[in-house]
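There is one chain below, alone, in structure tokens, taken in the form predicted on its own.
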């Protein structure tokens, strides 16, 4: 019984260590989006990312919408959804959990780009967006 408990404990430690080593980061996500876009990561633009965040676009019902509409003009501050639910800060400097899980990042880009832009964001736009948020304080 003791050997079995020790084996299970070691297996969990190995899984946890492997998961930590494989964690995504803003830099790794930017590199992936740059690769997908076929551009060097150095060509990602924080300025274009800020413009994407702040620019208002015509929403589904004709009302102007932007990322800043829910996430506030300062992405280091918490925001609110349209129904009033709290949104944790978007900037990694204020919320280190942001951009650490590629699946979550893709889920939210897909959903929010459709809501704001009425289309999916390109890989270049996603890389620019993360480049800007990585600098936001």
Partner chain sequence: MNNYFLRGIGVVGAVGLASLLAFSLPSNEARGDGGGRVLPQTVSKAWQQECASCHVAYAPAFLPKASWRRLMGGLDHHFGENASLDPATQADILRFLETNAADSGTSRMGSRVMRSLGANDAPLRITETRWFVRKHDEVPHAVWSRKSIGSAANCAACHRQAEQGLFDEDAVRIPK
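What you see is a predicted model; the values in this text were computed from it and never measured. Residue numbers count along the first chain shown, from 1.
Omitted here: the form predicted in complex with the partner chain. The next part is about that form.
The partner chain in the model of the complex comes within 4.5 Å of no heavy atom belonging to residue 24. Put simply, residue 63 is far from the partner chain in the model of the complex: not one heavy atom of it is within 4.5 Å. By the criterion of a heavy atom within 4.5 Å, residue 81 is counted among the residues contacting the partner chain in the model of the complex.
Shown alone here, residue 122 lies farther than 4.5 Å from the partner chain in the model of the complex, counting heavy atoms only. None of 41 to 49, 108 to 116, 28 to 36, 71 to 79 except one has non-hydrogen atoms within 4.5 angstroms of the partner chain in the model of the complex; the exception is 108 to 116.
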